[in-house]
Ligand SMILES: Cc1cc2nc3c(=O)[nH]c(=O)nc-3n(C[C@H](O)[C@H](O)[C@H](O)COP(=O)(O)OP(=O)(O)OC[C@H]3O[C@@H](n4cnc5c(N)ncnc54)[C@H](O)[C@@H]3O)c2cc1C
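First comes one chain, alone, set out as structure tokens in the form predicted alone.
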């Protein structure tokens, strides 16, 4: 491989590639440690010109490419496979913010820009990004777009797909597709950027994008309420959305087991009350903060209020503590073994039936099963993860994983949901996709892939 690549390497700066396996292996394993691959070379292009150069060479020589951002994929979408001769193009050096336009409320930034860095740059302008996710300190914008990342603010700003105005991308043959428009209306035929969004690096590499940005709220109120039953949680959701509408910037669900998990990271992070389900709710630009507590009680009504417990953060520092409880669940979960993850979405009026039916069936399968259930209730998204609390060898793990997935996914389909809400397909859900997409849908996806990538070199083994 290195012999084939030698002519290309001569045209690049020495800091734009790496052949040392001691370094490369760190980029060949996913965040959860479940997918491990191999690569002989790792590219760090410092500009779009270098990306074009690398892509053209790989296309000409039929070398498979794995695009990589912050490598925070939870479905094995950003790592190579084992011994497949794939090279990694990591965009971490392509990280400039090209323009902040406070008049149009747009930002144009490169694909390797870290989400938190972009947010920090917008802070002096009183503006914020439309996306916030737990991995914001390491995930990159290109990867966020390539996976159509969801996150905590979808209920307020919509998905990242609805906030992209323009995209610059290098296609598999090395052609530069430049459509970095900043206009919000553009009705000129097929919108090619929408194909690149959510394509998980299988159609090209996103090198830059223009996004909508928003005025940062002048203040926020964070509260946590607890209920004993999931249907009571849904009633609370209905009441809050009815009374607060667009003031809601987040509405997060956490079950008791997931909240208790965070004690493994920090025993000080705990709530002053108990319940089977918790909701973290953030409201922004609420005008009457002093009377908010009385307002909440009044809007809930005495009867429904008695069924739940509510605590309202008294300061911004308490706001941050409440958010840490939600954001650290995935980190605490990572400490456990034998966790089978599911990122699903369901109609809100059927979520309670899905949770009750799935939980009951899983407990019958094995009494040592516990549900780590948390997610973005405001946009139908549940991380319905299943923890098997016993020692399993590889054969036993695969068997129970198959049975668990069968229960969860059959119920997702029964209740008219989706098997992937925000994490994508990657390597993890490739087989399930064939079962839950129609033959006609798969056929059209394959046809689109061939139009963009006739040699099949872009992120092979992912999605299709």
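Residue numbers count along the first chain shown, from 1. Model, not experiment: these values are computed from the prediction.
Keep in mind that the form predicted together with the ligand is missing from the display, and what follows is about it.
(request) Spot the stretch among 387 to 395, 313 to 321, 126 to 134, 351 to 359 with residues whose non-hydrogen atoms come within 4.5 Å of the ligand in the predicted bound form. (result) The contacting stretch is 126 to 134.
(request) Report the residue, out of 284, 380, 71, 106, that has at least one non-hydrogen atom within 4.5 angstroms of the ligand in the predicted bound form. (result) Checked against the cut-off, the match is 71.
(message) Within 4.5 Å, heavy atoms only, which of 206, 344, 254, 250 is in contact with the ligand in the predicted bound form?
(response) The residue from 206, 344, 254, 250 that makes the contact is 206.
(message) Given that the ligand is not shown alongside this chain, does residue 429 nevertheless sit within 4.5 Å of it in the predicted bound form, heavy atom to heavy atom?
(response) Output for residue 429 is no: heavy atoms all beyond 4.5 Å of the ligand.
(message) Can you tell me whether residue 31 touches the ligand? I mean in the predicted bound form, with a 4.5 angstroms heavy atom cut-off.
(response) Contact with the ligand, yes.
(message) Whether residue 172 contacts the ligand in the predicted bound form should be assessed with a 4.5 Å heavy atom distance threshold; does it?
(response) Residue 172: no, not in contact with the ligand in the predicted bound form.
(request) Check whether residue 233 has any heavy atom within 4.5 Å of a heavy atom of the ligand in the predicted bound form, and answer yes or no. (result) Although the ligand is absent here, residue 233 would stay clear of it in the predicted bound form, with no heavy atoms inside 4.5 Å.
(message) Where, within 141 to 176, is there a heavy atom within 4.5 Å of the ligand in the predicted bound form? Residue list please.
(response) The stretch touches the partner through 142, 143, 144, 146, 147, 149, 150, 151.
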